[in-house]
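Before any questions on binding or motion, here is one chain by itself as structure tokens, the form predicted on its own.
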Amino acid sequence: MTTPQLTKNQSLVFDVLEKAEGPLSAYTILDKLRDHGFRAPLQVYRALEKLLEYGVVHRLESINSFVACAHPGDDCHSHGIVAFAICESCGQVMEFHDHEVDHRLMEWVRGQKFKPEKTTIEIRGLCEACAA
């Protein structure tokens, strides 16, 4: 998938996420973009909705935050299920893909005749640095 041309607001939101050292909430993004004319959360949420649709941003459900895709040049959706390891101490997020996990989950889904709409895997704990 080729990422469509981003609107000004989408580009600004994406840039903030790309430069961030960790996941950001929509309200944190709004605060960082007030000098660029952002006044309402809806402006951020609309941009995030499209960025999620394009696959260049991911939502971390458990912490209600967003991160830029670690593989923006690729079609992230072609990797299969995206998983995240989230450090409870420093907030670092590592994005990864495991085709074996994809295969096992899809096997289960087919066996149950379940029709998934969305899959998010989040592993919460301590990164190597914080666990030491």
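One-based numbering along the sequence shown. Treat the numbers as computed from the prediction; the structure is a model and nothing was measured.
Not pictured, yet referred to below: the form predicted together with a further copy of the same chain.
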*Is there a heavy atom of residue 45 no more than 4.5 Å from a heavy atom of a further copy of the same chain in the model of the complex?*
no
_Contact flag, residue 86 vs a further copy of the same chain in the model of the complex, heavy atom cut 4.5 Å_ = yes
*asked:* Under a 4.5 Å heavy atom criterion, is residue 120 part of the interface with a further copy of the same chain in the model of the complex?
replied: yes
_Exercise: residue 125 in contact with a further copy of the same chain in the model of the complex, heavy atom 4.5 Å_ = yes
*Taking 27, 34 and 37 together, does each of them reach a further copy of the same chain in the model of the complex with some heavy atom inside 4.5 Å?*
no
*For the stretch 90-126, return the residues whose heavy atoms include at least one within 4.5 Å of a further copy of the same chain in the model of the complex, in the order they occur.*
94, 96, 98, 100, 101, 104, 105, 108, 109, 112, 113, 114, 115, 116, 117, 118, 119, 120, 121, 122, 123, 124, 125, 126
